[in-house]
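Below sits a lone chain in structure tokens, taken as the form predicted alone.
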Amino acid sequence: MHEKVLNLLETGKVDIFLGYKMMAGHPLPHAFGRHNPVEVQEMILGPARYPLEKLAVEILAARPDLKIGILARDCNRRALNVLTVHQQVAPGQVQVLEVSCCPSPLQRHADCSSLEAKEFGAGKKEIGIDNNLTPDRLEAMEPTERFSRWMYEFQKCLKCYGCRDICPVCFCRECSLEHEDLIGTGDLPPEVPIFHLVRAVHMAGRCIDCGLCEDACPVDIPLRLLYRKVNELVADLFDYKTGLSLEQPPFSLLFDKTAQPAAAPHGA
């Protein structure tokens, strides 16, 4: 991995490479450059995950002339496809160095935090929603019970915006979750369940099921399960699988009018 990154930098294929480095005892995102090639040896792999592709898009918004490489798991690749489809980055503007994130016979646990099953207490399982459930298992419950469990989860929300801020495919310049005509401000918990339902609608056909929102949630709301359901609806209605290709989504005409690129692609 180190040799590949060095080659990308030294041959000028990328100007900076986004990966992970231990800093103050924590694996954090770091931009490696050709000005300090020795530092590349400090790049690490591990279960820590950040939306490196989102950081790349933000850097390109300020410096569209740069060529950026990123360390990419499957979810990073899917997110990059979505960002390209929605014109937030030009095709080929970000190069990826793919790394395996799935378990193998030689590795007991996956090299990715989202693939590890989470443990929850009896109280959450009794009156809330076990985050490890699948949409079909949840839908097997009676509607009144399902509604009660979702309301219990939504009422725990601290309105910290962690789910939005960590999301690799949230790129709107004006966020509807901060629009006073849609979401009331100043109250905790936020108006239930409008806050999360508005975001769920925006995730339809966009969520790449990375689970970062759920990892960031301080109160363990099963957000990944909620967005999996809205993506299932998109798949059933339009036969569209989010992030698997650079094919435009079925409602691309709407996005063409509303989503403007953060930076003009090269050659535009």
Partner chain sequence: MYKLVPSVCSYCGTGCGVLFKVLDGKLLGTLPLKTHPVNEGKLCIKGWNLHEFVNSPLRLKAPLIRINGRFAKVTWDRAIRYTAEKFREVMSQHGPDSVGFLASAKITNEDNYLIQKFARAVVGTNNVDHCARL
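Positions refer to the first chain, counted from 1. Note that the structure is predicted; figures quoted are calculated from it, not measured.
There is another form of the same protein, the form predicted together with the partner chain; it is not shown, and what comes next is about it.
Asker: Out of 96, 160, 90, 99, which one falls within 4.5 Å of the partner chain in the predicted bound form, going by heavy atoms?
Answerer: Exactly one listed residue reaches within 4.5 Å, namely 160.
Asker: Should residue 74 be classed as touching the partner chain in the predicted bound form when contacts are defined as heavy atoms within 4.5 Å?
Answerer: No, residue 74 sits far enough from the partner chain in the predicted bound form that none of its heavy atoms falls within 4.5 Å.
Asker: In the predicted bound form, does residue 165 have a heavy atom within 4.5 Å of the partner chain?
Answerer: Yes, contact at 4.5 Å.
Asker: Spell out, yes or no, whether the shortest heavy atom distance between residue 246 and the partner chain in the predicted bound form is within 4.5 Å.
Answerer: Heavy-atom contact with the partner chain at 4.5 Å: absent for residue 246.
Asker: Do residue 27 and the partner chain come within 4.5 Å of each other in the predicted bound form, heavy atoms counted?
Answerer: Residue-level check for residue 27: yes, a contact with the partner chain.
Asker: So which residues in 200-220, when you check the partner chain in the predicted bound form, have a heavy atom no farther than 4.5 Å from it?
Answerer: If the 4.5 Å heavy-atom criterion is applied to the partner chain in the predicted bound form, 200-220 yields 212, 214, 215, 216, 217, 218, 220.
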